Structures are given as structure tokens and as C-alpha cells.
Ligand code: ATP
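Only one chain is given next, in C-alpha cells, and it is the form predicted on its own.
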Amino acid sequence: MSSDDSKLQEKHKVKSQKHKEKVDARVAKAKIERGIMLVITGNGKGKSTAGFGTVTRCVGHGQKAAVAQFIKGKWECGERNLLEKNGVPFAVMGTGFTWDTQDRTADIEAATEVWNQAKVYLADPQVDVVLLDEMTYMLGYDYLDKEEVLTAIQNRPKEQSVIVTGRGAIKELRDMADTVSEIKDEKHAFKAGIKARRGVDW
């Protein structure tokens, strides 16, 4: 190893050690044991994908998860095909996109039916993770009572985690959440005329 390589290696080692010390200190400081609330929002693709990834991780650890799925009810769902076979219950709105139905009353009834099942999941201490997929739209469109939703999430079992996905998460959801991720829409294949693909987009 040359002298320059040795100096570079030593510099890298010192920098890495300092970073490790900072990370270790933060890990040691995190002592609170409880479920968390995650909000995954923004205009970019991947919000539901991230939510389902966490559900899959939960199941992979032998834990229990449940899914309440709003909006995308008419499309075949690859995640549902997999997760239901592994014991994950789904409550599905089943009406498709709101611009397809064009029937506010029917949408509210369908949303309420799914929400009633979601409340059961959120009250069950045996469920480790609850995914409220596309829930943000239900609050943004006033399909569900905001205070009822926020209260149910707030009063869930201490060890239960909940994930809320969808565009335009309201301030109250963001404020309540432990983690908020905003997915940016920088580029999207659909805007270039490329059709959604089975196994990638749904």
C-alpha cells in the first residue's frame, strides 16, 4: 500500500469511527418501547409500496398485521395476493378511484364499512401493525369523521404501530405521527405514456 493510500485509509477510519460513536450514542439514547405511527405521503410513487413493505417485514418476523385498503379496490393487488395467504386480514373499499365512481354517497358508505373494520384492527392488542392504505384521501374528502379517526389511532394499543399512506396528509396526522416521509414526484413513467405494469405498479 502506498503512502497516499495509507493516509486515505487512516482518514477514512477516523471519520468512520467518529460517525460510529455518534450513531452508537443515539442508539443508546433511544430507550422508549412502544408502537409508532408512520405517515407516508407526498405526490411521488411508492407510498403504498412502502407501507406494504413494512407489513411484509412484520409478517416476516412472525408478528401479526392487518390492512385497511381505501381507494384502490378494483385493481388486483399483488401484495394482497401474497399477504392474505400468510394470514393478514384485509378490509377493502372495493369501489376503485373516486373519479371512477363519481358517487360521493356510495363512496362514503364504502369508506365507512372499511373504517368500521379498521377500528377493530386498531383496538386489537394482538395486531402488531395496521396499514391504513390511502387513508389520507378519506380525511381530505371528508368521507370519514376526522376526530373519530384521529382518536382511534391515538387510543390504539401501546405496542401497536400504524402506517397511514396517501397524498395530502392533513396537518393533524403529521403532527400525531412519530415518522413522516414525504415522497417527491420527480419523474413518473405514466407521464411519459408508459402503461402501469403488473408486478411493479400493482
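Start at 1 with the first residue shown and count on from there. Computed from a prediction, not measured in an experiment: that's the story for all the values here.
Form predicted together with the named molecule: not shown, discussed below.
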When the named molecule is placed as it is in the predicted bound form, which of 55 to 63, 170 to 178, 131 to 139, 146 to 154 ends up with heavy atoms within 4.5 Å of it? 131 to 139
Using 4.5 Å between non-hydrogen atoms, is Lys20 touching the named molecule in the predicted bound form? no
So in the predicted bound form, is the named molecule close enough to Gln160 to count as touching (4.5 Å, heavy atoms)? no
Would Glu182 count as a contact of the named molecule in the predicted bound form, using a 4.5 angstroms cut-off between non-hydrogen atoms? no
How about Lys13 - does it come within 4.5 Å of the named molecule in the predicted bound form, if we only consider non-hydrogen atoms? no
